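Single chain ahead, written as structure tokens, the form predicted alone.
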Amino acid sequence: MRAFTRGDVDAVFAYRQRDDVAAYLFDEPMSRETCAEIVQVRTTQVGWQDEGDRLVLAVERRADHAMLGEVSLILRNQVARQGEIGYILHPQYQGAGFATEAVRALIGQGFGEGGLHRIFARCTARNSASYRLMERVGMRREAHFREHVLVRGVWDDELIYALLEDEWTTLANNQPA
């Protein structure tokens, strides 16, 4: 994982223009111009000061430095020390463990340097790859909200998963060295 650079526009456009990616997001497929604007903003989203601030990092393959997607951690409640994690990976790189590795690293950062008490994630109930990832990293399902979100004129179910700092510590201590 690394900070975004202006040179990431084409890589972001490669996945954000796709209908199969946008189907699970609140955004429509994006134009290259919109991706350029988003990448410009992402270059500054490198830490938290206030509630709502985001840490957004590019996911990069070590072998060749190809940019595969992005992960984010949003400070949702400063007093309660809660954050929301999110991720988008180009479909051609899914299923190889990249998202799992990146999400685990970002959760560790959120509980470590970030000092969070609880990290949650949400997705449409239709996105089984996303909620399976949440389960793989140790998150537990807290809620299934029926027809909770109106996305492009269609009611959608939303799943909420979460992990507490002490649960993460237990998971991390039980990982093989």
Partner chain sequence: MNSKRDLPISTKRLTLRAFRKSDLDAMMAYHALPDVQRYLDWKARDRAEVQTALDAMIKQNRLTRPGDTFHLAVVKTSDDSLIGQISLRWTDATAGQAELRFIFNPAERKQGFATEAVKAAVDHGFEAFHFHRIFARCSGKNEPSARLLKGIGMRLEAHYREHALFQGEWDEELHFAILDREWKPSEVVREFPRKSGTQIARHLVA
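Positions refer to the first chain, counted from 1. Because the structure is predicted, anything quoted here is derived from the model rather than measured.
In what follows, reference is made to the form predicted in complex with its partner chain, a form of this protein that is not presented.
> Among the candidate residues 113, 147, 135, 37, which is the single one with a non-hydrogen atom no more than 4.5 Å from its partner chain in the predicted complex?
Replying inline: Only one option qualifies, and that one is 147.
> Looking at 32, 61, 140, 126, which is the one with a non-hydrogen atom within 4.5 Å of its partner chain in the predicted complex?
Replying inline: Here the answer is residue option 140.
> Does residue 155 reach its partner chain in the predicted complex, with heavy atoms at most 4.5 Å apart?
Replying inline: Yes, residue 155 sits close enough to its partner chain in the predicted complex that at least one of its heavy atoms falls within 4.5 Å.
> Closest heavy atom of residue 164 to its partner chain in the predicted complex, within 4.5 Å or not?
Replying inline: Residue-level check for residue 164: yes, a contact with its partner chain.
> residue 54 near its partner chain in the predicted complex, any heavy atom under 4.5 Å?
Replying inline: Contact with its partner chain, no.
> Is there a heavy atom of residue 72 no more than 4.5 Å from a heavy atom of its partner chain in the predicted complex?
Replying inline: No, residue 72 sits far enough from its partner chain in the predicted complex that none of its heavy atoms falls within 4.5 Å.
> Going by heavy atoms within 4.5 Å, which of 114 to 122, 23 to 31, 37 to 45, 62 to 70 lines up against its partner chain in the predicted complex?
Replying inline: Contact-bearing stretch, as computed: 114 to 122.
>> Only counting heavy atoms and a 4.5 Å limit, does any residue of 55 to 86 reach its partner chain in the predicted complex, and if so which ones?
In response: Going through 55 to 86 in order - heavy atoms within 4.5 Å of its partner chain in the predicted complex - the hits are 79, 80, 81, 82.
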